[in-house]
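Single chain ahead, by itself, as structure tokens, in the form predicted on its own.
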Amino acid sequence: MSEFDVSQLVEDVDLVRARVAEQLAEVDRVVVVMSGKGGVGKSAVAVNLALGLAQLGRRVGLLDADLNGPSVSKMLGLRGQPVRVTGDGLLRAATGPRGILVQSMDFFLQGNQALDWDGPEGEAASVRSALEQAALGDLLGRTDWGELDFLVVDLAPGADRLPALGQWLPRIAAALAVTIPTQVATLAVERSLRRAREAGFPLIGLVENLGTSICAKCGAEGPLFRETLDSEIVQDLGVEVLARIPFDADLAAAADRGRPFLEGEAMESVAGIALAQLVARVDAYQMPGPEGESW
């Protein structure tokens, strides 16, 4: 096995943090959308949150921090976008629907190419976490974000992801957790929330996703799971439920087509109203000041 020195690839943390701070200097607020486990619709929530904020007239960026998944670029119709560089040598974000600026590792891969951290002989497998962190630092700190009201970050699932990302972020960030009303998902998101609190990360609230479904024939809403996020569970989690978003086939179809859902008749649907409520709540959230929480 060939020798491998991670120090050749990973920069000093302070240098990366300074670069990120410079590129986010004109970003007012960062909203990190997280989940305890995959399969809860986190990326769909992040994408529709970004599009909804842009619909309100906010200047919005969206970072796909789930490095191994092309969900964000697919949902926004941006797959296959070429990587562009500014005259200053910074990465230029792709422009998505409603003018949102989007950055994703998917833009650096060809077609359905898989992201490979290990190297031809598996020599980098033991330092994969460090390489992922370096990549996130680069996507944040080498992208020309410009002036934004919001930068929405779609974070990969896992309780450790938020504290790891938090080392790069300035004091303008807070987290939004997404779960589905099952015991397995609730246990996972509880662990993520607990880890976020231990790291001193501000929490905006919780989104219950896919708790109900909308009948395509009659429009009636019914439960999708046996469990629900009842008041006792929510109280134990210690966060407010900001919105309960049902499964809606039209929302899923819009994501597959790479088109915004929140427009036209969809605005009056149960899912549309729930998403609009979420957007309004996030837009109204006040980030902690210098005397608030830190990490």
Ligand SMILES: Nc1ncnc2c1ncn2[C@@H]1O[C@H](COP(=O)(O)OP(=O)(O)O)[C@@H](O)[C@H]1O
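What you see is a predicted model; the values in this text were computed from it and never measured. Sequential numbering from 1, following the sequence displayed.
Below: the form predicted in complex with the named molecule, not depicted.
Visitor: Go through 90 to 98, 139 to 147, 71 to 79, 159 to 167 and give me the stretch that gets within 4.5 Å of the named molecule in the predicted bound form, heavy atoms only.
Guide: Residues of 71 to 79 come within 4.5 Å of the partner.
Visitor: Can you tell me if Leu206 lies within 4.5 angstroms of the named molecule in the predicted bound form, counting non-hydrogen atoms only?
Guide: No - in the predicted bound form, heavy atoms of Leu206 and the named molecule never come within 4.5 Å of each other.
Visitor: Decide whether Ala252 counts as a contact residue for the named molecule in the predicted bound form under a heavy atom distance cut-off of 4.5 Å.
Guide: Yes, contact at 4.5 Å.
Visitor: Under a 4.5 Å heavy atom criterion, is Ile245 part of the interface with the named molecule in the predicted bound form?
Guide: Output for Ile245 is yes: heavy atoms within 4.5 Å of the named molecule.
Visitor: Tell me, yes or no, whether Leu262 is in contact with the named molecule in the predicted bound form, where a contact means a heavy atom of each within 4.5 Å.
Guide: Judged by the heavy-atom cut-off of 4.5 Å, Leu262 is well away from the named molecule in the predicted bound form.
Visitor: Counting any non-hydrogen atom inside 4.5 Å, which residue from Leu237, Leu53, Val31, Ala44 sits next to the named molecule in the predicted bound form?
Guide: The residue in contact is Ala44.
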